[in-house]
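Take a look at this single chain, the form predicted alone, given in structure tokens.
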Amino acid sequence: MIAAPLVSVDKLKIHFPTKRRGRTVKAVDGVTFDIEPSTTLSIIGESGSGKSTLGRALVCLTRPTEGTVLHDGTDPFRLGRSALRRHRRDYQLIFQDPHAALDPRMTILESVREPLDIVGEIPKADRNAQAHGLLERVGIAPALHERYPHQLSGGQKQRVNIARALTTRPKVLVCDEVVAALDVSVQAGILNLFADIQRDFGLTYVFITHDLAVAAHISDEIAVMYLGQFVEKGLAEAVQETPLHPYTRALLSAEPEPLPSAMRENNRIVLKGEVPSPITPPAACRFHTRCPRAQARCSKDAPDFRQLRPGRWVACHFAEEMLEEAGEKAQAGPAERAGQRQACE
């Protein structure tokens, strides 16, 4: 039996008015997707693509302009104030800056205990015990529990924020660039922690990131976002191995390869120009002003976000051609790599 989606988003739009009358920022502009229980969806894209705004809507911090966000079949934006406060315990957000997310006047134990204090359903001694247990679970030794945020490293502070988000036993964690501000060596430990607590707590994750390596390491599915819309979505391995949208290909080509220079493929795709304004996005295909494959139809007809094959969704007029090219490259790949090895020898 297939589980029902834990989060279901349909034709979601989030627009913000500007000071100039009649003009709006189209931060999210018509996004539809589902998230299954105990899975991880990563949303990737450049700065300004609308990823963080979408994440805030998923945890009810930003109200949709149009469309719906359903949590386990319930529209949280139709709940009353007290019912919404209870409901939001199940949907938590972890921010990018671990220091700014903590109150500098509170010890880390007090910060982790604070959500339980607000709920007020269990005695203070039990709240303390639960906060101590969660801090130890995320790797913060008891000797550090009475320290203040400025006395901890960036990685330790992010672990505290993870513990704080777990206090209400949520179903969904939205993680907004949670390792972007950390050293690479620290990032690995945090990502491993996320994997462990997902297994132990049965969590569902939404990872918002610009780093494809992070997305590939942690995700079941990857959605690629550009200027407020999804341009591609599919299983993480499939999107990484066979990108079917020119924007996804450009993002992947920018990733560094851990290979000797003689074995690297010189296939970097450099996108020309800046990301257009979300106030006046390009007509039809929003990527056509920067796309290396753009043709006349791209500025006239908007491509449908369609299912090209089971589990693979893409919005590009030339996705079928890119799929054929990917098949040809896969067949030629072994021979090319053999030639590269001989050249190195």
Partner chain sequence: MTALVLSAARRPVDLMILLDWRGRLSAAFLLAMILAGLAAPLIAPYSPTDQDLVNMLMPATVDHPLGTDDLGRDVLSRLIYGTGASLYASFLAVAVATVIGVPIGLAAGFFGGWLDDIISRVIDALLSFPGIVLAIGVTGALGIGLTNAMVAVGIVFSPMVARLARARTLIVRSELYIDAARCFGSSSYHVLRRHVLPNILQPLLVQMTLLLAAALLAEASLSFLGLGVQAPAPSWGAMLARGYTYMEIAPEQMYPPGFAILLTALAFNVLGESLRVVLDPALKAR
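All figures in this text were calculated on a predicted structure; none of them were measured in a lab. Numbering follows the first chain given and starts at 1.
Omitted here: the form predicted together with its partner chain. The next part is about that form.
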| property | result |
| --- | --- |
| The unique member of 104, 202, 80, 120 whose heavy atoms fall within 4.5 Å of its partner chain in the predicted bound form | 104 |
| Sole residue of 93, 244, 160, 208 within 4.5 Å of its partner chain in the predicted bound form, by heavy atom | 93 |
| Full three-residue contact with its partner chain in the predicted bound form, heavy atom 4.5 Å, for 26, 65 and 309 | no |
| Contact label in the predicted bound form: residue 75 to its partner chain, heavy atom within 4.5 Å | no |
| Contact of residue 125 with its partner chain in the predicted bound form (heavy atom, 4.5 Å) | no |
| Partner contact for residue 56 in the predicted bound form: its partner chain, 4.5 angstroms, heavy atom | yes |
| Non-hydrogen atom contact residue 61 with its partner chain in the predicted bound form at 4.5 angstroms | yes |
| Contacts with its partner chain in the predicted bound form, stretch 135 to 163 (heavy atom within 4.5 Å) | 146, 148, 150, 151 |
